[in-house]
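Shown here is one chain on its own, the form predicted on its own, set out as structure tokens.
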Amino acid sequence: MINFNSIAELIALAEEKNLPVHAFVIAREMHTSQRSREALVEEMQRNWQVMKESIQRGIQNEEHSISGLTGGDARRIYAQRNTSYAGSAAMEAAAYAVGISEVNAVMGKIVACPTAGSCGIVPAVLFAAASQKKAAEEQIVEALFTAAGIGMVIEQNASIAGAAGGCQAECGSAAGMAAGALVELAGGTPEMVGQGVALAIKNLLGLACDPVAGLVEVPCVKRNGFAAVHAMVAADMALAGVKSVIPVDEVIEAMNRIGRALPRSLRETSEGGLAVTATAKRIEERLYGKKS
């Protein structure tokens, strides 16, 4: 039986057998779900297809959400990708992440990875990387398993829910998952995968979950775009040999402690942060017809 309860254990398994991280994530899921490798891969391929469809819809989207708060920004970002300061790859990833989140805001079909509020980050970076690195579909699907394994460890040892741990648990976790997947996709070692996860998460520690008017739109949609670029930078650093002074599992432990320490007002209750600014309160009154 393949089992791991930490990123360190997952890395050790991969290094011992000289196999990529995704191989052990798949093996564990085969045992846990009692399903074949083929069945699991087929399901992940279907998830990837939904992700790609939401990206294509997102960057073409001009539809606004019912609240009127979001819609059309992914299209704007994508149009500027070749004249941007950040470079085309980063801006494409940002556009894809925002686009998927905008699709979610208009009740379109997305894959929660790990949550609906952070749904744009992992698929966005992998879609951008697939083009940049000329990666095959099989490689992308394998990278998604790597991301899933990282997410499993985070959920087991901390949280992936904004209501429990703030947005560090949602966009932070997704950025860590995305960074690790990118490192493996680029041929990085299992140890580099762990470094990518640590570098991505530790710089989003303490991120508040403060949705305006209780909707997963502001600041959530644009935050997905920023976190996608953040994940790409973390992956590049890890691939360059940069290491996190604090080991990855200690970073996840810190995220858990910080999440527990965050006041209720910063954990998806819309009672703090951006959600209680004057503009946010006017939006809330417009949408719900009352002052809070």
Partner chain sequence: MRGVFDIVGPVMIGPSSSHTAGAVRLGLMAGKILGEKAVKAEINLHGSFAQTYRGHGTDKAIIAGVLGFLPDDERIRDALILAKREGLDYSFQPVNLDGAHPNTAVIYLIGVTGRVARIRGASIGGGNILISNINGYEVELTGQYPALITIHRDKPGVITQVTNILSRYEMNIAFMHVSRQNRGETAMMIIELDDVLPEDVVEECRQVYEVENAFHIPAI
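All of these numbers come straight from a predicted model, not from anything done at the bench. Positions refer to the first chain, counted from 1.
This protein has a second form, the form predicted in complex with the partner chain, left out of what is shown; the following refers to that one.
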Which one, 226 to 234, 255 to 263, 36 to 44, 241 to 249, holds residues whose non-hydrogen atoms are within 4.5 Å of the partner chain in the predicted bound form? 36 to 44
Note: exactly one of Ala208, Cys113, Ile77, Ala129 sits with a heavy atom within 4.5 Å of the partner chain in the predicted bound form, namely Cys113
Out of Met91, Met192, Ala148, Ile140, which one falls within 4.5 Å of the partner chain in the predicted bound form, going by heavy atoms? Ala148
Any non-hydrogen atom of Gln168 within 4.5 angstroms of the partner chain in the predicted bound form: no
Any non-hydrogen atom of Leu215 within 4.5 angstroms of the partner chain in the predicted bound form: yes
Is Leu69 one of the residues lying within 4.5 Å of the partner chain in the predicted bound form, judged by heavy atom distances? no
Would you please decide whether Ala164 lies within 4.5 angstroms of the partner chain in the predicted bound form, comparing each non-hydrogen atom pair? no
Near the partner chain in the predicted bound form, with a heavy atom at 4.5 Å or closer, the residues from 1 to 40 are Phe4, Asn5, Val25, Arg28, Glu29, Arg35, Leu40
